[in-house]
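So this first bit is one chain, no partners, the form predicted alone, shown in structure tokens.
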Amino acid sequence: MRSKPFLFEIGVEELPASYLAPYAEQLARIFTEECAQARLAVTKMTTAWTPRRLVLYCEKLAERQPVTEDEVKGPPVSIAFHNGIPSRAAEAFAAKVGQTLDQLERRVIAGKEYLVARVMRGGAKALDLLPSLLVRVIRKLRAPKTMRWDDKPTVFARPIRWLVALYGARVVPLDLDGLHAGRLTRGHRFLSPGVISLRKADYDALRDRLYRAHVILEAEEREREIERQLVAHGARPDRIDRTLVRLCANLVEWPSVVRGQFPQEMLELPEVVLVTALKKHQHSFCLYDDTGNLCAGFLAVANNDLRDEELIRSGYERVVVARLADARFFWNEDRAKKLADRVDALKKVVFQEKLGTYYEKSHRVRCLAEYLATLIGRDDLKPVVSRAATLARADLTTAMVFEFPELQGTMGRIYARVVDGEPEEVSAAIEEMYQPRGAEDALPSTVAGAVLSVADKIDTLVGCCAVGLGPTGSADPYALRRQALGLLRIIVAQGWHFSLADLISTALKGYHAPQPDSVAQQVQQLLHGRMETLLRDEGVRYDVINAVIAPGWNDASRVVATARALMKLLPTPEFQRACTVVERCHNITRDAEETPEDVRPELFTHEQENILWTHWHTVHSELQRARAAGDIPAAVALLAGEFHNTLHTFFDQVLVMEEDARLRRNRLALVRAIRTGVCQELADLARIVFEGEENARRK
């Protein structure tokens, strides 16, 4: 099949930096899907982007669809013709396949004669298919926020200003709401002398032509250029923020680094304030001396060629100095009042309309933190977590946090320690209460911080669910799933063993929920889902997840520890032998009648019943000790050892499904007791799946 290269460019007003890579990924994926639907073969696809363009290039795109001959079955001949006269069914079938009745064939299929048509499909040219295909691709692209412009039906993140669509040397006749594709692209908004005419679909030529027009097409190349210039202007390579480099590379088409200065007295600000003001608000890089201390300077990435470098530098310095001057004013102003004196002001700061103020939330969190300290056996932490919970939200009333909301908690720690002289453990817990803020964020490093963070998160989860603000489908406006996952990660990292149900029940006492049982169930379901997420993120197999969660997951640390241990034991023959113990018990009781919970030894009539029951009592006690010690390999060894043989001998010699109802029910109760006991003390091993298990397990 012959093919040609294809080049497609969507030219836009400047896109938000965070939209670019997702847009490019979608562009490649949707175009591939549409080509597959249109039966156009495509190979060697490349995407690139700048703030003003999305580019897709295919080295080979088939010139036309493949031609296939399909056999289409019609109605039976007995229905198609009556006394040799065509029926409406025959005529309708002929019209459907675009043939005359004389062209139709007859074929015996499964002993019955049918009308059959041979239909040629495909063969459409790519140039004929691409216009509508590309319109569908553009309209399927999604962004967090989109807009309409000029009353056009297409929605996009920013107005689309030009389109390039070249198939070989020919322009694809694409019409998007009156905007026609051509071969003209544009260089840098300010530095390019004019439009650029492309002769054919050639990615290397596009990249070179754009470079001469002051546009570096590939994001990776812009990142390398930014890093090179940063180092040339005095940045330490080990202190360059790569995340900020990627952001800046998506903000500019022609990066030029300029070095600016700010007054030395600004270094009196806490480092985190300086870094936040420069990096997050001005997208500028901090400078450090040889000892690792901040310098009174910064590096900014301009989207220009620095022909008038002094003018550009002074513009950056004017904005940066003004921002730092504001921060310095806030710093001096805030230190005039202690955090403890700000707590009452939280009575006027609303946490959530239906959940009251932050003052009320702080009280609930303090009570929960004290309860949790007792729960984990650390009553000595009560004074620390109580004080930290009281002060933790007070920085919300400071001017610094009002101006830099991302510093909430961080400024609380600084003000508590530096200004108020609070103990280090109290100050650290104030900041760590907010951790983890996201999936990649660090967990609290102190026990007090961990206690406070769990208390705060469980209060939020319970409160939001109590007033109907829980997550629904993909909507989770209060990020409760993230908070639930963070809560579980902290508990597991600390190795705490307590009932999550008890913690939820205690948290509910801080609210007046009309249906507390329903709220508790909703929170438990939310945590259950995040428990599965946590285990999946650790690489735990789905069947192992099902096995360890089945007995209950109230003790999160135990569930995760068991899953980790079972993953290591999976390849061992001992583990497979242990699984057969539970599997055989499960198979025989799965569809059996309900039985009494208690086993009655006086109804035993076979010696192997007594042997199995006696052996199980011993193994059960040892399983309980292994569980208490967290020794999963020892628990598996107990099942895989002599008890495995005892159980199999029992099944070989004793008829469990005895006709005598009393004996049958008692034997089923015995088998169920073993299955339930193993499940409670270890995991539901009947859920583990082995490759070729039907034969391999029995050996």
Partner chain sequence: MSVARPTLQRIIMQLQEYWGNLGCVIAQPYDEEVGAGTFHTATFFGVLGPAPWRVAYVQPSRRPADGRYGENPNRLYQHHQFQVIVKPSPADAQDLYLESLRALGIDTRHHDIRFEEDDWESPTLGATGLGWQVLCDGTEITQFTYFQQMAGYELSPVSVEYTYGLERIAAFIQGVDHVMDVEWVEGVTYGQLRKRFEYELSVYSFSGADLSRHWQLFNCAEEECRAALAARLVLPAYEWLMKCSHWFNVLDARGAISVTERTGYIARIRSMARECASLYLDGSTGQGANL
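These figures come from a predicted structure and were not determined experimentally. Positions refer to the first chain, counted from 1.
Another form exists, predicted in complex with the partner chain; not displayed. Remarks below refer to it.
Enquirer: Test of understanding: in the predicted bound form, would Val301 fall inside 4.5 Å of the partner chain by heavy atoms?
Expert: Although the partner chain is absent here, Val301 would touch it in the predicted bound form, with heavy atoms inside 4.5 Å.
Enquirer: Whether Glu353 contacts the partner chain in the predicted bound form should be assessed with a 4.5 Å heavy atom distance threshold; does it?
Expert: Close contact exists here: in the predicted bound form, Glu353 approaches the partner chain to within 4.5 Å, heavy atoms only.
Enquirer: Can Phe190 be called a contact residue for the partner chain in the predicted bound form at 4.5 Å between heavy atoms?
Expert: So Phe190 counts as contacting the partner chain.
Enquirer: Taking the partner chain as it sits in the predicted bound form, is Asp684 in contact with it (heavy atom to heavy atom, 4.5 Å or less)?
Expert: Result no; Asp684 lies far from the partner chain in the predicted bound form.
Enquirer: Note which of Ala232, Ala628, Leu570, Leu311 lies within 4.5 Å of the partner chain in the predicted bound form, where distance is taken over heavy atoms; exactly one does.
Expert: Comparing distances to the partner chain in the predicted bound form, the residue within 4.5 Å is Leu311.
Enquirer: Quick one: from Val119, Ala205, Met147, Val108, grab the residue that has a heavy atom within 4.5 Å of the partner chain in the predicted bound form.
Expert: Exactly one residue meets the criterion: Met147.
Enquirer: Exactly one stretch in 221 to 229, 553 to 561, 616 to 624, 151 to 159 has heavy atoms within 4.5 Å of the partner chain in the predicted bound form; which is it?
Expert: Among the listed stretches, the partner-contacting one is 151 to 159.
Enquirer: Let me know which residues along 204 to 226 have a heavy atom within 4.5 Å of the partner chain in the predicted bound form, or say none if there are none.
Expert: Counting only heavy atoms within 4.5 Å of the partner chain in the predicted bound form, no residue of 204 to 226 makes contact.
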